[in-house]
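Read the single chain below, which is given as structure tokens and is the form predicted on its own.
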């Protein structure tokens, strides 16, 4: 009896043992995530610079950087361009095209899915700077697109100067659509075929099945994908910078490019960090909106 009692006793463990195993991950979060954010927040209230008198002595300037930011007309243009780029290439472009491709591949044979999937994935696995150079060559004055339209007797178009925002939107759609396609493909494959078959037997049209069964069933995937793609697109820098550099003029000047120009071209790091916090704030607001829509 005593041996059973002794054998059934569990060894006592310290209530703080779990903290020991969490310390490495907490330390990494503090050093590589929390500390840089706090440092960025602090520098946004200073005159930090890489050249000039401000580089010799760091001074606390309060809200001067933020006052300057909201008085800068280029900031307003950058915010507008960022929203246009987000809506055009992420919310509408990648979402809609990715969903249409996934819907096209639904219940197709394995060969068809492999061929289409490989073609779409080619743009996603290609590095961003390589995608930018490919699309620059495509839309350039002597590029592929002009070669095609001139072969039909039309005159050349300076795409990168006439419609620069459209070119970078199409480039980002080509680069990122594969992610949305894979998300929607997995979601559509999870829709029970029995429900669709029962709806067909009951006389439901394809449109009715699409709007009343498929869309409600995958609405969680739609919202989640929209949030991920939006946040990813919000920070796109290399694609636009390599294709247009934010120009011509400020026609493709988004917040990441404007932040880079202020911090590393004009060497005004304090002002650049203030712009980065504005970009962070926009990302937080969009995330909260998506999370709220998911709860609803």
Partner chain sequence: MNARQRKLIYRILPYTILTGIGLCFLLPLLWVLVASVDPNAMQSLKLPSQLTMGNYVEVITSPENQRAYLIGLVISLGQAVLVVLLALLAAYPLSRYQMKYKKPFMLTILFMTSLPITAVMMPVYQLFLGLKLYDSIGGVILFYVASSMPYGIWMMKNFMDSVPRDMEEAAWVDGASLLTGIRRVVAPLMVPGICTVAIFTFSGSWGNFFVPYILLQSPEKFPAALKLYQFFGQYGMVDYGSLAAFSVLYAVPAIVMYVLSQRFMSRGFGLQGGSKG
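Positions refer to the first chain, counted from 1. Basically, rigid core = biggest C-alpha set you can superpose within 1.5 Å across the two forms. Source: prediction; values computed, not measured.
Keep in mind the form predicted in complex with the partner chain is missing from the figure; the text below concerns it.
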| query | finding |
| --- | --- |
| Selected contact from 71, 151, 155, 109, since only one has a non-hydrogen atom within 4.5 angstroms of the partner chain in the model of the complex | 109 |
| Heavy atom within 4.5 Å of the partner chain in the model of the complex - residue from 195, 119, 83, 166 | 119 |
| Contact test in the model of the complex: residue 177 vs the partner chain, heavy atoms, 4.5 Å | yes |
| 4.5 Å heavy atom contact, residue 125 and the partner chain in the model of the complex | yes |
| is_contact(residue 209, the partner chain) in the model of the complex, heavy atom dist at most 4.5 Å | no |
| Contact label in the model of the complex: residue 67 to the partner chain, heavy atom within 4.5 Å | no |
| Option from 98-106, 195-203, 209-217, 75-83 whose residues, in the model of the complex, bring a heavy atom within 4.5 Å of the partner chain | 98-106 |
| Contacts with the partner chain in the model of the complex, stretch 272-290 (heavy atom within 4.5 Å) | 272, 273, 276, 279, 280, 283, 284, 287, 288, 290 |
| Core-aligned C-alpha movement of residue 277 between this form and the one not shown, 2 Å or more | no |
